[in-house]
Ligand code: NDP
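Shown below, as structure tokens, is a lone chain in the form predicted on its own; questions about how it binds or moves come after it.
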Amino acid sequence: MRPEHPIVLITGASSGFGEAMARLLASQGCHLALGARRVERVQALADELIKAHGIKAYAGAVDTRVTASVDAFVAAAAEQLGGLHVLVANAGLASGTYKLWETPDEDLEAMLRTNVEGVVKTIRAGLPHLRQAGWGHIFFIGSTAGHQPYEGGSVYCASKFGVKAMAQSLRLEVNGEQIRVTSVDPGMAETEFSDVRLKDRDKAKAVYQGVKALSAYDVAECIRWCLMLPDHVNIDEVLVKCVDQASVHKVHRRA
């Protein structure tokens, strides 16, 4: 049975989707374990949410590419908060818009290690705590890129197709346990994502020019809704786009 105040672990919580999830779930009374490489930002966020909502929150440094870092963060969070109920494997990135044969090792490894390996390491470390609690919910953060590939996104798309496959496989593997598995797969969402990908603020702004894109809070609301449903209800997949985006390749831009 879902506890009144679930303990939610979020990676990549220093900005974007992760920060928005933390803010929204704190307002719902969830206790939080917030992890990111920018530990000063998650610590400030945790302190703010504790004061604003009276919740418990733990903030810690975590690099999801590094097994020891993930294991230490998850263990410390569970000890500090008294367990874990929800895992949000949110940390992820895109790096560059290369054609497949142009992709440098640095960008290739950054995407695959964060978007695939980091998700495995986060869930591998956290799942025993959900089992111990007897109730759990695991969220993957996928993408429309995991449903429809596009030029200049071969490795990123491959990583998100991998996320979709992992979510589907894990749902089969935990069948019979009181653990829900959901993949939330957003389309165009205006966060720091394009800044990180393109490394150019003007180019990043142009991605969303003339489009009313999703916000980080729109995606966070998908997480909140799935989490708060009755225990027997599992939302397998939420594919969410703004009205202006009909597909990866078709976007309406206003003048």
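What you are looking at is a predicted structure, and each value in this text was computed from that prediction instead of being measured. Counting begins at 1, following the sequence as shown.
Another form, the form predicted in complex with the named molecule, is not on view; read the next lines as being about it.
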Checking 26, 220, 57, 36 against the named molecule in the predicted bound form, the residue with a non-hydrogen atom inside 4.5 angstroms turns out to be 36
Of these, 125, 141, 111, 77, which has a heavy atom no more than 4.5 Å from the named molecule in the predicted bound form? 141
Only one of 171 to 179, 131 to 139, 155 to 163, 99 to 107 has residues with a heavy atom within 4.5 Å of the named molecule in the predicted bound form, and that stretch is 155 to 163
Does residue 116 reach the named molecule in the predicted bound form if we count a contact as any heavy atom within 4.5 Å? no
Under a 4.5 Å heavy atom criterion, is residue 13 part of the interface with the named molecule in the predicted bound form? yes
Considering non-hydrogen atoms and a 4.5 Å limit, does the named molecule approach residue 48 in the predicted bound form? no
4.5 Å heavy atom contact, residue 167 to the named molecule in the predicted bound form: no
Sequence-ordered list of residues in 176 to 190 near the named molecule in the predicted bound form, where near means a heavy atom within 4.5 Å: 186, 187, 188, 189
